[in-house]
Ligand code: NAP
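Next comes just one chain, in structure tokens: the form predicted alone.
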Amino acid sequence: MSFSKKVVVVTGASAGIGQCIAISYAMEKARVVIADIDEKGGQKTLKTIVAAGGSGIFARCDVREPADIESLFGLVVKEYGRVDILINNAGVSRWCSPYDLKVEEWDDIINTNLRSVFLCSREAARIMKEGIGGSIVNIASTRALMSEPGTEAYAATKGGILALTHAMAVSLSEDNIQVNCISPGWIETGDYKRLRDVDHKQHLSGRVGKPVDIARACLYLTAPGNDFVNGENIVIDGGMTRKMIYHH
């Protein structure tokens, strides 16, 4: 896999999975754009990348705001002249009873998690099609496939991302743009050492996931030569959605 001098935009890259994705591309010699509303965290991610010999910039972007998204990609064009890869990772999760969920909260989650994926993809695609094409990866969730109580808004956005992924894969194919999706399961972004044995053992893989598991999948999906993977959703959850669970 060669990402040398590729321009990669990662939303929600100030912490967690997004941060790991951004750093992973930088370590593969890509030029990374860290897009996030959290400026302090974004600058920290950038410092980590630069200290390791990587290259990139931080761009403050609130993905709920269409004007911010347009400004983000305007900055990328000004700085690098192109976009090769977009990772739509930004998102929020809030658990709330459907009886108590406010319309304003619903709209905020939809705009952050789902509408932003469409708007960022459209802006990136407009740039990609002027060149040789590109690759888009959307980060969804296994909660698009299964649920717990109080996850209606979050599940709706992640299910929407799955549908949006294959729709855009069809629409953008004529411009040589791939669109794929990753659905993570339990990916621990906190203190991994504090997890219990039962947390790990319930997974078929024998462990809870790590951000690097998702980063590796992003590298695979966007690697030159992997253009035959298109419109796909890859579930990365240690086998949990394939495990039939009953309480005996």
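Here the structure is a predicted model, which is why all the values come from computation and not from measurement. Start at 1 with the first residue shown and count on from there.
One more form of this protein should be noted, the form predicted together with the named molecule, which is absent from this view; the next part is about it.
> Heavy atom within 4.5 Å of the named molecule in the predicted bound form: which of R64, R207, K44, R216?
Comparing distances to the named molecule in the predicted bound form, the residue within 4.5 Å is R64.
> Among the candidate residues M27, A223, I57, I187, which is the single one with a non-hydrogen atom no more than 4.5 Å from the named molecule in the predicted bound form?
Of the listed residues, the single hit is I187.
> Flag this candidate site as yes only if V33, D84 and C120 all have a heavy atom within 4.5 Å of the named molecule in the predicted bound form; otherwise mark no.
No: none of V33, D84 and C120 comes within 4.5 Å of the named molecule in the predicted bound form.
> Would Y154 count as touching the named molecule in the predicted bound form under a 4.5 Å heavy atom rule?
Yes, Y154 lies within 4.5 Å of the named molecule in the predicted bound form.
> Taking heavy atoms and a 4.5 Å cut-off, does I234 contact the named molecule in the predicted bound form?
No, I234 sits far enough from the named molecule in the predicted bound form that none of its heavy atoms falls within 4.5 Å.
> Considering non-hydrogen atoms and a 4.5 Å limit, does the named molecule approach Q178 in the predicted bound form?
Looking in the predicted bound form, residue contacts with the named molecule do not include Q178, since no heavy atom lies within 4.5 Å.
> Would M240 count as touching the named molecule in the predicted bound form under a 4.5 Å heavy atom rule?
Contact with the named molecule, no.
> Looking at 133-141, 96-104, 162-170, 70-78, which lies within 4.5 angstroms of the named molecule in the predicted bound form, counting heavy atoms?
Heavy atoms within 4.5 Å of the named molecule in the predicted bound form occur in 133-141.
> Considering only 5-41, what residues come within 4.5 Å of the named molecule in the predicted bound form, judged by heavy atoms?
Heavy-atom contacts within 4.5 Å come from G12, S14, A15, G16, I17, G18, D36, I37, D38.
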